[in-house]
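Quick setup: one chain, the form predicted on its own, written in structure tokens, and binding and motion questions come after.
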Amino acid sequence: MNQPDHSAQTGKRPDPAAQREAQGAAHVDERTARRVAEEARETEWRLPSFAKQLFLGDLRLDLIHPHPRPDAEARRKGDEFLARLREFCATRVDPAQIERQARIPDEVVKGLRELGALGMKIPERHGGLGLSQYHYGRALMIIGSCSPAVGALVSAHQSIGVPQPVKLFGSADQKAAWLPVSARSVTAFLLTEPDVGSDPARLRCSAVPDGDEYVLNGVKLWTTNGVIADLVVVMARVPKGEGHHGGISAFVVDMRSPGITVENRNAFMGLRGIENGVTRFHDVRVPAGNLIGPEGAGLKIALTTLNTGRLSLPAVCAAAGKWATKIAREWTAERVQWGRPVGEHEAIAKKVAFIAATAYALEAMVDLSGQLADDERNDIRIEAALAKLWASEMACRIADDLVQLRGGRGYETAESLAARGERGVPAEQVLRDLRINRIFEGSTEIMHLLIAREAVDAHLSVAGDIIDPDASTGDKARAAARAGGFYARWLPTLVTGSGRRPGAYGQFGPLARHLRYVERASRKLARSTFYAAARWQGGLERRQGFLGRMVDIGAELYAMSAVCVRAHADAHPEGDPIGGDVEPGTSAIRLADVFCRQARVRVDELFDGLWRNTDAEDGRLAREVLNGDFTWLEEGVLDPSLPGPWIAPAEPGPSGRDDVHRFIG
């Protein structure tokens, strides 16, 4: 693409020195990276949080029980749209064609636009449908069960694309200008760069001020929807200067602007229909009015957008769980081995029970989190992150078990099955499609760290100067006094609680014992966190094994709480059941009971792993591997990623040699 010369428009070109400053250093130290991430956090808690209190040893069941429900008008409007969406997906979307051609047909995108699906969460006054988060999640379950690739398109557009940050942080004029367009167009969110993933301090894409414009330069990677988007949100670094605060900032960019090149359409293990590419910006001029919020607020905007945006992935995971339950039931009842249906053999029965119970829990967590977002009486940043983390991990386990249940038919593609006359069940595709959810919008490892930071916030708030190497002796002394007062009040509350009273939570019937377990485990988790903070102090942030298990315990306890509250509501509906038209009654209690029994086994194992593990040895061995101590282990195999004799190397290898061989050793 030819690049226009804008020098005649302004009389000068952007200052190259300013561009270099905006791009930042290729490498930043750990302290700088942590500071950038910390400054982007929402530090205040203006509203209560069920999950935050759970990590502090306080089971605030009143925050989620009775289970919140959509009001009558929201339900009517949402259910009417879901009926239209279900009909559209069933009759006008061919998931096999999308998988085969690795492309979503234009008529599908056009149909979604006409249906209003691109504006589900955009307010009606701005041309959208104004649906609740609950019904949005339900819509993604329908779309995702039909085609995960279409689900990714809708989710990337509406959960993290232009609509959400503009709705949350845009001015009145920006909302009036871009929300109606977003209700009819596909949008995208561009943050990741070739050398920048979860470390935003190293972000290099620059936006250099030039009069009443910014000049955008840089490359963005894995731009879901970016290949076909009309509008995108771009995170770029603005240099500090006269009249400019600088910092990572968020811009709305029209993809028709001169200087934008989509250089590649990426292909992946799963989600083969998504439009994901590499986008390059070369001297792209963006009006100053396209800046969302102030300069330097980009990461805070991104993180806040993700608070509810992360709930889209658990919705797709819940859909997969429900479908897997159906396929597992049908196949294990039909398939006979050794004179009995395979589902009656204990090894298979355990997998069927896990799939069914976990599918119910996934739906319960998605619906509860969505309703908490809708009622706007709770801060759900931890709940949304826990839902994303837990759902993505458990859905992959469900899909893997489903493939195992179906044996060779689970590994065989749906197209191959159909070609030889069998039912084309896409079990292997579901496993491939779900795998990305453990990476999308924060990998499992990053989610562990993000949630852990919020979970230990109370400790860091009172002990910050104690563990800060730059704090003065006086500051440390004052911090110690504050910490002493906090722990003197807090620690006694962790000794005993309602979980020790046999009759507590009696209104939940057979599920009461599980809520008592959650209460006891919550206090045990808080005590464990305190012990770890006292033992490692500032070094706790590097104990990622401990922090990961701590977060996983909290996620399981949140799932158990959601399941118990949901099952109680399903058994006592006071009208329509939460999840649909079928009254589950006592069968919901049965599912919830089995799920909680399974979860308790996992929680007990995680508690044991907090203090009995191989984390230290694993770390030492990893350093030795990185040092090259075990390169002999790599010998005797071929490396298919290196060029063979039939492929001429495009350039010397990473070491500068041009004689790299595929054979190792």
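Everything numeric in this text was worked out from a predicted model, so none of it was measured. Residue indices: 1-based, along the sequence shown.
What comes next is about the form predicted in complex with a small molecule, which does not appear here.
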Fill in the blank from the handout: Checked 436, 104, 302, 414 for heavy atoms within 4.5 Å of the small molecule in the predicted bound form; positive is 436
Exercise for the section: Sort through 290, 429, 192, 325 and report the residue having a heavy atom within 4.5 Å of the small molecule in the predicted bound form. Expected result: 192
Completion exercise
TL;DR on 488-496, 513-521, 270-278, 169-177: the one with heavy atoms within 4.5 Å of the small molecule in the predicted bound form is 270-278
Problem - residue 443: touches the small molecule in the predicted bound form, heavy atom cutoff 4.5 angstroms - result: yes
Exercise for the section: Using a 4.5 Å heavy atom cut-off, state whether residue 529 contacts the small molecule in the predicted bound form. Expected result: no
Handout entry: Contact of residue 223 with the small molecule in the predicted bound form (heavy atom, 4.5 Å)
Key = yes
Practice task
Tell me, yes or no, whether residue 123 is in contact with the small molecule in the predicted bound form, where a contact means a heavy atom of each within 4.5 Å.
Solution key: no
